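What follows is one chain in structure tokens, specifically the form predicted on its own.
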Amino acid sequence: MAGLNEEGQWIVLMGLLVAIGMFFLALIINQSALVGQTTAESVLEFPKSDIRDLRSEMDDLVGVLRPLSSGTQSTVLNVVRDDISALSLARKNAVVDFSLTGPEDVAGVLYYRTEFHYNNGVTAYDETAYF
């Protein structure tokens, strides 16, 4: 076996290892681009301004309801709930519902517990907040 040149085998083996390494790097780069695109699309589709507007309306509604009597509160609450549900469905194709209970004494301060639900067919969001 004297006289065989074994250096050529090492070159072929190193070339194979480099090719496998490049294949895995290309696979990782391809997957990271797909994950980034999916995440960006999810962030863009989330209706954060709609939900923020709904929270703002709930805060304003609690401010209006505080000085009213309980009978008047339920009447105003039902009218506002129907209006917000109809507007959300007509303008954003979103189903919005909320309930308001209270006031509850939390650490000496009276808060209204608000549970609201938002669903536009793509995003469903539920939250409980105290105003």
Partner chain sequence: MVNDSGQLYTMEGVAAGLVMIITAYFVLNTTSIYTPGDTHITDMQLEQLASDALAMMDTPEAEGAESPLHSFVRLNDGAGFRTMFLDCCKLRAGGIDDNLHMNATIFYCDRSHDEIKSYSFGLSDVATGRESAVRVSRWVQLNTRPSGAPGTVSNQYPVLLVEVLVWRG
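C-alpha atoms forming the largest set that superposes within 1.5 Å between two forms make up the rigid core. Source: prediction; values computed, not measured. Residue numbers count along the first chain shown, from 1.
Not on display, but discussed next: the form predicted together with its partner chain.
Student: Using a 4.5 angstroms cut-off on non-hydrogen atoms, would residue 31 count as touching its partner chain in the predicted bound form?
Tutor: Contact with its partner chain, yes.
Student: I'd like to know whether residue 83 contacts its partner chain in the predicted bound form, with contact meaning heavy atoms within 4.5 angstroms.
Tutor: Close contact exists here: in the predicted bound form, residue 83 approaches its partner chain to within 4.5 Å, heavy atoms only.
Student: If you check in the predicted bound form, is residue 92 within 4.5 Å of its partner chain, heavy atoms only?
Tutor: Taking the distances in the predicted bound form, the answer for residue 92 is yes, it comes within 4.5 Å of its partner chain.
Student: Just checking whether residue 109 would be counted as a contact of its partner chain in the predicted bound form - the rule being heavy atoms within 4.5 angstroms.
Tutor: No, residue 109 stays farther than 4.5 Å from its partner chain in the predicted bound form.
Student: Residue by residue through 6 to 31, which ones have a non-hydrogen atom no more than 4.5 angstroms from its partner chain in the predicted bound form?
Tutor: Counting only heavy atoms within 4.5 Å of its partner chain in the predicted bound form, the contacting residues of 6 to 31 are 6, 9, 12, 13, 16, 20, 23, 27, 31.
Student: Just checking, between this form and the one not shown and with the core aligned, does residue 15 shift 2 Å or more at the CA?
Tutor: Yes, the C-alpha moves 2 Å or more.
Student: Do you see a C-alpha shift of 2 Å or more at residue 25 between this form and the one not shown, with the core held fixed?
Tutor: Where the cores coincide, residue 25 still shows a C-alpha shift between this form and the one not shown that is 2 Å or more.
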